[in-house]
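Quick setup: one chain, the form predicted on its own, written in structure tokens, and binding and motion questions come after.
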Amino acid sequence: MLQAFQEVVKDYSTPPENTLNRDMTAQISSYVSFLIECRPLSISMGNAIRFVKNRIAKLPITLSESEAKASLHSDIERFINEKIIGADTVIVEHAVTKIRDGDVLLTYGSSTVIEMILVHAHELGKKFRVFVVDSRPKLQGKLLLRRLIKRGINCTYTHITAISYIMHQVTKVFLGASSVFSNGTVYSRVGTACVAMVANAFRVPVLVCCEAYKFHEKVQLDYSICSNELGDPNAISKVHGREDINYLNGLTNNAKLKFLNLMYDATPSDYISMIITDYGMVPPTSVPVIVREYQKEHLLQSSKIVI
């Protein structure tokens, strides 16, 4: 999305009798409206949009159009490098210090930053094995499993239904996140809360890895119900390759039946041991500090910017 905004800036030309600040903000808003029509905006996308609009609003009117476009393009590039790519590198450096020889790690689904952590720890020569826990309908864990095996990492693959059976072997749980709210609630792929709760019951530490640009100041007790994204109902009504057990074929349009395919859930902070961010490793109770520092650095005037 940010790279698309860079192309928008590159191709932009200020109309006659208009100012760049106002007109470009309006154009960005129209593109955002189109994105929202396609699918709900994630918290990280919302924060990135606020950043771009904030930078547009702060452009000095004394700059020429070419100078303003170059400045804005540079700001977006710096955000990508520092807050997305660079943030993952910092998180990896922090997280590998928590992995020790003999550890049995568990992760759920597929997270880019978790994959980077496991690969880097393996490259450092640390001896550990990984449980990759997965669930239908996306089965994203298979993609992570394939990449870890190619790296030579010892893995075990299972579905979330076996989580309580394997948890007694696990020493640490590493989870990715789509967002973290101000009260420490973690918003992530549906099933994450189940994994964290089982780990908590077995007294296994749960470490969530999340970049600061995904943090949000809102407080939500159960964001998974208040606001969520619905997936394709056919994804849970069918089992691909198993026509013999596709008993629900043709029922997706039945008025008497509703398929609820939720994409995300909310994990209460009580089940999270530590959140690893590009600002350091903090307990869930310290999330408001991260939010404040991030906004002070990037979104000081974000309250005046409307998505």
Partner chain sequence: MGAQKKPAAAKVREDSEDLSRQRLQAILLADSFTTQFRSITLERPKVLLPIVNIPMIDYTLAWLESAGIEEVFVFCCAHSSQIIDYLKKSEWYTRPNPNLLVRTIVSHNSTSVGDALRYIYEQQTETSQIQGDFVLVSGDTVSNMPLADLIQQHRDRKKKDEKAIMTMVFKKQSRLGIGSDQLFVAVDPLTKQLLHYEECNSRGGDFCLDKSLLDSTVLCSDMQDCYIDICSPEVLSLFEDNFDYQHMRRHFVNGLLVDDIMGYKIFTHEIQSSCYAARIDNLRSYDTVSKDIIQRWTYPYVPNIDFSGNRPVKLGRRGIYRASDAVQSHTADVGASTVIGYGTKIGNGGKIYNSVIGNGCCIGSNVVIQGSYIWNNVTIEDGCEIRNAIVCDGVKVRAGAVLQPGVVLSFSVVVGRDFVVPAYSKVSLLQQPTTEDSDEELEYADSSSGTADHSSGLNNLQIESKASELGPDGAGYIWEICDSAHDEEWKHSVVPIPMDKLADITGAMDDDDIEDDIVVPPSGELKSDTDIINTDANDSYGDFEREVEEEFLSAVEKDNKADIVIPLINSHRLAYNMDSADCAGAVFYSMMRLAVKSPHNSATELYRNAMGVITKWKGVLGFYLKQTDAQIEVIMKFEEMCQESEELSPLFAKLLPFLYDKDVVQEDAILRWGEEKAGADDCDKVYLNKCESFIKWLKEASEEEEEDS
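Positions refer to the first chain, counted from 1. Note that the structure is predicted; figures quoted are calculated from it, not measured.
Beyond what is shown, the protein has a form predicted together with its partner chain; the following relates to that form.
The contact residue chosen from 120, 147, 73, 98 relative to its partner chain in the predicted bound form is 147, the criterion being a non-hydrogen atom within 4.5 angstroms. The partner is absent here; in the predicted bound form, the one residue of 142, 218, 126, 94 having a heavy atom within 4.5 Å of its partner chain is 142. In plain terms, the part of the chain that comes close to its partner chain in the predicted bound form, with a heavy atom within 4.5 Å, is 165-173 out of 73-81, 165-173, 86-94, 207-215. Looking at residue 240, you'd find a heavy atom of it within 4.5 angstroms of its partner chain in the predicted bound form.
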